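One chain comes next, on its own, written out as structure tokens in the form predicted alone.
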Amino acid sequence: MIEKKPIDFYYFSGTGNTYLVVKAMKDAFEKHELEVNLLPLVRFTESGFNENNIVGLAFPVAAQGTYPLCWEFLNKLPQVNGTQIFMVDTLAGISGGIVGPVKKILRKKGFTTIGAKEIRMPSNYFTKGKNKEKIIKMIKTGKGEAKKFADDIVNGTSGWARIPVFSDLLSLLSKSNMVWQFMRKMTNIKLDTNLCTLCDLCEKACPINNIVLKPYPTINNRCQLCQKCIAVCPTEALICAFKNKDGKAYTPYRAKGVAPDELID
């Protein structure tokens, strides 16, 4: 069993799926009388890091790994002497380039890796025409898996697998600037100025300060396609669109049970 220490739970959530998982785990930990501090990883500072606490990590899968901002956070973590750490990620499809590579990074930094879990949640891309009841059921199942994972961590029955070489190579996709440039060419965020109310929520929500008001939101060329700006938009003025012949756009998505202000770190 883990020691009864506070848990500093660092997380990033684009459209709310990861946030729901984090909250479910927090509830489960608190039932074991553990204190949980939820900390947006975009606000991480080494001076605020406490290596005497248990550390949790949570973020979505992207490009078979995770977003560049999450890799940057992992690289900023300090060297420690055995601090216990666990990780959870959310995904709609497959990963392969996150669980093992993160474990490798953390072990080199001196962490004791006590558990990793991948939890399937609704896609924030292909939502048009999806059965809402199935989405709600999927979220409920994911939250249940999150609570069980928290229980396993407390009981010392969680594990953290690693597939050397293969997962390390696959992780290079989400670490590559060329891959993200290609993704931005194929998929981008578009604004309908007729629906925009200039509320500035998208600007506040962007985790990399890539949106400026001129006076309408202008998305610069560093976008990581996390869709947080889309999720907080109250009028659905922002959409994520394919650059193809049909001009198809994704239906804006925000996880059921998450308020827009909960996604502004």
Ligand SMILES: Cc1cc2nc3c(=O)[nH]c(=O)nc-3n(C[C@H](O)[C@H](O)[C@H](O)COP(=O)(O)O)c2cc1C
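What you are looking at is a predicted structure, and each value in this text was computed from that prediction instead of being measured. Residue numbers run from 1 along the displayed sequence.
Note that the form predicted in complex with this ligand isn't included here; everything after this is about it.
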Option touching this ligand, based on a heavy atom within 4.5 Å in the model of the complex, out of A161, I94, M178, M186: I94
One residue of I98, V88, I153, M121 in contact with this ligand, assessed in the model of the complex (non-hydrogen atom, 4.5 angstroms): M121
Three-residue site F29, G56 and G115 fully in contact with this ligand in the model of the complex at 4.5 Å by heavy atom: no
Option from 202-210, 29-37, 224-232, 42-50 whose residues, in the model of the complex, bring a heavy atom within 4.5 Å of this ligand: 224-232
Close approach of C70 to this ligand in the model of the complex, 4.5 Å, heavy atom: no
Touches this ligand in the model of the complex: A62 (any heavy atom, 4.5 Å): yes
